[in-house]
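One chain comes next, on its own, written as structure tokens: the form predicted on its own.
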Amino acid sequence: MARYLALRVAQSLLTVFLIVSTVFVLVRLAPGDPAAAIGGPTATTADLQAIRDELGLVGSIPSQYWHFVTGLLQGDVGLSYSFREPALDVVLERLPYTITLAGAATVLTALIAIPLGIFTARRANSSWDVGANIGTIAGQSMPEFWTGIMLLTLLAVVVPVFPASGFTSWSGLVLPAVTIALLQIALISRLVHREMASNLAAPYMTVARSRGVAERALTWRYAFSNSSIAVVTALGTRFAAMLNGVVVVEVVFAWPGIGSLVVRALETRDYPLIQATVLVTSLLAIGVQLLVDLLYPLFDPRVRVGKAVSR
């Protein structure tokens, strides 16, 4: 177990380092000049050169990269150009909002998608199953920006039940969380339906029924237990993806999370802020995936994490 953890942590750190290094190079190769974004249209050539000197953008990319790596090893990814604060502090200040939104959407997804998938799997090919399929396909087809705008118009403007933007109270969490969850519910419920239908039709279920096992136990203890690893993996993957910032939803609802921060960083060519965002979100996403792997034995005793090292 300890060896497996050490190996996974080492792999994760290497992955994060490669991701951050790739982003470092790509943002500098992309069109645009941070000095011009800061100086504005009235800045002279001398002004732009002075800004580049101040930001440390005068050297070659390899020399800038070396400076970045030495700072990264000390926990410093640079000063944000637009906020004039350590970029890592700016990202960490926004991080709780994104975690809150992603967590609320994931909980809402699990509470609705899992029972819905089980319900339709137990009633395969019925009118309930057909109706649920139509609903989930519609949920997958609706873009998040459209869903967000519709919910915003109906429940914040026409019928002002919830706040239109920001996070001044917990009621402001409802609309963005529901907007994200609608798509996730469609995806996860179809996965649960597929896994449950496969397990309910398995030969071991016929044997269990012949032994007089109750239908409730067949559904939850047998079928869902064997489907749980796929469901947990899917929920963990979606949660990790949401931690990278649900950009469209955060922009629509003016949510003060990482997604809207990334948009601002890209608009202003704020290299340190982009790098800090990628660093933090990569660490979180990989950490969530590692946690999901460690949870597997709780759902299926046949899985032993320590055996992964010898594979």
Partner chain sequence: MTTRTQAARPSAVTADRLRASAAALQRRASRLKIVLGAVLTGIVVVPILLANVLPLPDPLEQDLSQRRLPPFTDGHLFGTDQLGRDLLSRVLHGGQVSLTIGVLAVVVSGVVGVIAGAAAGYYGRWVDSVVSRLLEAQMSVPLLLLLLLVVALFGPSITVITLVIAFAQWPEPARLTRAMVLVEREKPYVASARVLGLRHAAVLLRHVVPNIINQVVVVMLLLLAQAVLLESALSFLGAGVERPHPTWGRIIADGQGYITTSWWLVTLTGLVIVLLVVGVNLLGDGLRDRVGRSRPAKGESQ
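Positions refer to the first chain, counted from 1. Everything quoted here is computed from the prediction, not taken from an experiment. Between two forms, the rigid core is the largest collection of C-alphas that superpose within 1.5 Å.
One more form of this protein, predicted in complex with its partner chain, exists but is not displayed; see below.
For the chain shown alone, residue 225 is not a contact residue for its partner chain in the predicted bound form, no non-hydrogen atom being within 4.5 angstroms.
Among residues of the shown chain, residue 26 is one whose heavy atoms approach its partner chain to within 4.5 Å in the predicted bound form. Its partner chain in the predicted bound form is not approached by residue 294, whose heavy atoms all lie more than 4.5 angstroms from it. Using a 4.5 Å cutoff between non-hydrogen atoms, residue 57 does not count as a contact of its partner chain in the predicted bound form. Stretch-level contact analysis of 131-139, 209-217, 75-83, 112-120 against its partner chain in the predicted bound form, using heavy atoms and a 4.5 Å limit, identifies 131-139. Residues 149, 274 and 286 are all found to lie within 4.5 Å of its partner chain in the predicted bound form, as judged by heavy atom distances. For the residues 263, 69, 50, 36, the 4.5 Å heavy atom test against its partner chain in the predicted bound form is passed only by 263. In this stretch, 197-212, not one residue has a heavy atom within 4.5 Å of its partner chain in the predicted bound form; the partner itself is omitted from this view. A movement of the C-alpha atom of residue 94 falling short of 2 angstroms is seen between this form and the one not shown when the two forms are aligned on their rigid core. Once you line up the core between this form and the one not shown, the Cα of residue 238 ends up 2 Å or more from where it was.
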